[in-house]
Structures are given as structure tokens and as C-alpha cells.
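This document starts with one chain, in the form predicted alone, laid out as C-alpha cells.
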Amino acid sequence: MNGPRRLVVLGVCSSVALYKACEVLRGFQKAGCDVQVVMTPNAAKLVSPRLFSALSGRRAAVDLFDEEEASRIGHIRLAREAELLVVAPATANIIAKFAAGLADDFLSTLHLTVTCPLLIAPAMNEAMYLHPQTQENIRRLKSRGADFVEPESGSLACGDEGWGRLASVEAIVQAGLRRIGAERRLAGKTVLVTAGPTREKLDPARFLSNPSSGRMGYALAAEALRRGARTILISGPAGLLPPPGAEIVRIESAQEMRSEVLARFGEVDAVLMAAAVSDFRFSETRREKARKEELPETVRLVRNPDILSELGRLKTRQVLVGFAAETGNVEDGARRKLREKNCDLVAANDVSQSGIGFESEDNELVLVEPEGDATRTGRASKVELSRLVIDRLEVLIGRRG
């Protein structure tokens, strides 16, 4: 691995497979990474932290309240320096803690403070691994962006045969290196993302809007940040916390969004128009709330500016990614938008399907480009889908040189 050495934090839990963590540590070191080990208290009862300290050249962290550890490798400082948190082996207990957001030891507290990628390699009895609660915890963590190296089927410590055996050391290390390799590939680039709904006000108490939650746009911004891009997030009203490091610009109306996007368009390398921009606004707005009896039976609407079409006409070197909420033939709708808006990529989804799209953590996209077949992602969390979209964005930016 070229460049400065990168810091991998290796979480070690009290699975019988923890002896393999030594090999995982060595694997990352051979790839040119520094490794800081963080052990759960129960893991430290099975194997002395001194072993991992000797192998890593760094004192293994166990006790959150140890004064020396707090002064040398406190969880906040470690969270800032880490480029990957990999937990191998991961027990059902630590997976449950991570899923619930508990923070009662060094490792679980560190999990709540890191912004780097999280890679989890479970190791446990088959019954524990396949238990519905464990599977739900895994699903929840995946929806938040965690990667998993799934366990293998084979001989378990309890003498049974089944699923739950720790994945191979090579598989764990390679998965971690791939995740680190995805980082910083957009360094030096500027990416603008729009997210959330817009609100078109009739008066201070009434507005026209749509059910967009903003999750897709926020996930895209977070992924662009993880890959090193300067990231500008222009967001309509959304009850979400922006990813740390993003330059957040808050707007309400479609006209406000247009102004903010155009003001920054010349300085960016890519625009991802994930916002659900209202097509119409009221022809007249009132400064004070109107009494119900003062309002007419019908109100007149006027069309909002088509921001994506305008960007398609203005773009020079920029990569333009559009999002399309479709019903019926999703691919045809996506290709029409690709052509009419002069986009480089369109990500479309079927908003008639329940459980995905608006106000959901999951979605299912059809990705189309000017050349080539459509790519259907299948149902996945919006965090997972953001990686696929940013993967394509990297290729498109690379073609521009």
C-alpha cells in the first residue's frame, strides 16, 4: 500500500476464534497498515492484552477508564485517526450493542464516535448467528453502512457443525483493504449533492411538498466525504443530521435550491440531484396566515424551474447525476430523463412499490447511462445504494480526467 501508513483499529471480542485475530493483525501490517487493538473486557480474560500489544507495537486498549489509556489513546482521539474499524471476531453481544447504540466499554464507545468504515466478522454458535434477533441486528447495522464478512459453515468450538465459523483471515483482511482502498479516491474533487423535499408556501402555515425524507441524498453526501471529496450538501427540510465535514446549505423552496446550486455549479466536479424538487409553486403567497374562509375554492399553481435541465445545458466538465421517481416502466422513464436532461447517469426507482423509496430506509434502483445496459440493484439500504452510485460517479469523473 503506497503513501503514508494508515491506521486500522482491530476490535477483538470474547469468541473462541479470537486467536485468529493475531493473524488478522499481521495481515493488515503486511499490507502497510498500523494496527491499534481494542479488546472487550471478556476478551482480555481469554487472552492477555500484552500479546496484542507485542504484535502491534501499540498498547492494546481495554479499559475505558484507565488513566494511561485515556491520556494516550482515548476513544475520541482514536476515532479521529482511524481509517477502518474492523471487529474480528465479533460476538452476538457486540453486534447487539452496536445495533442498539450502547456504549459501556472501550470498543462499543469507540463505535459511536468513529466516522470511518465499519467491518464486522461474526463468529459464534450457529443458533446464536441464525437467531432472529441477531439477524435483525445485522440487518440494522448493514442499513447504517456497516460491512460484514459473513461467517462460514464448518466445525464450531462447541463441537457442532454449522454456520458461525469466523471467515478466513484472508477474506477479512482483503475486505478491509478494499474498503480502505475505496477511501480518498475522490480527494481533490468537489461534489455537490441535493437532498430532501422542497416546500412551496401558500402562507406561513400552509405549503405544498412531497414525502421525501432526504435519506438518499444524505447517504450520498456521506459516501462522497468518505472517499475524500469536498462535499456540498444543499438540503431541503429534512429531520436528519448532516454528515460531519459536509458544507451544509439549507433551503426551503425550489427557487432557493436553484439559486444555491447555480451559484456553486462552476466550482464542482459533479452534481447529484437527489432532492425531490416540487414541480409547482403557488402563483401568490401571503405574508400572514389566511383565514379558511378567505381562501378561494381553487388556487393557481405555476411551474417551478427545471434545475436538472438547466444544469444539463450549462455543464462543461461536470458529471451530472439525476434521480427519477417513476411508476410503470422505470427503465424507459430513466432513459427519457437521461436524454432530455443531458445527464451522465440517472438513478430511477419505482415509487409505486410499498416499503421502498419515499420515507423508507431501503430502495431499489435502476441505473442507466448513455451507453450500455441498465443496472438493477435489487432492494438494499440507501446507504448501500449510495456506494453503488458513487462507484459509478468515480468512473465517470475518471473519464473526464
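Numbering starts at 1 and follows the sequence shown. Keep in mind it's a predicted model, so treat the numbers as computed, not measured.
There is another form of this protein, the form predicted together with ligand CTP, and it is not shown here; the text below is about that form.
Ligand CTP in the model of the complex comes within 4.5 Å of no heavy atom belonging to residue 218.
Residue contact with ligand CTP in the model of the complex: residue 98 places no heavy atom within 4.5 Å of it. Using a 4.5 Å cutoff between non-hydrogen atoms, residue 322 counts as a contact of ligand CTP in the model of the complex. When ligand CTP is considered in the model of the complex, residue 247 lies well away from it, no heavy atom lying within 4.5 Å. Listed residues 306, 136, 104, 152 were compared with ligand CTP in the model of the complex; 306 is the one with a heavy atom within 4.5 Å.
Site annotation in the model of the complex: the residue of 110, 273, 222, 82 reaching within 4.5 Å of ligand CTP with a heavy atom is 273. Partner contact region in the model of the complex: 333 to 341, out of 333 to 341, 48 to 56, 368 to 376, 26 to 34, criterion any non-hydrogen atom within 4.5 Å of ligand CTP.
For the partner-free chain shown, nothing in 239 to 260 comes within 4.5 angstroms of ligand CTP in the model of the complex, judged by any non-hydrogen atom.
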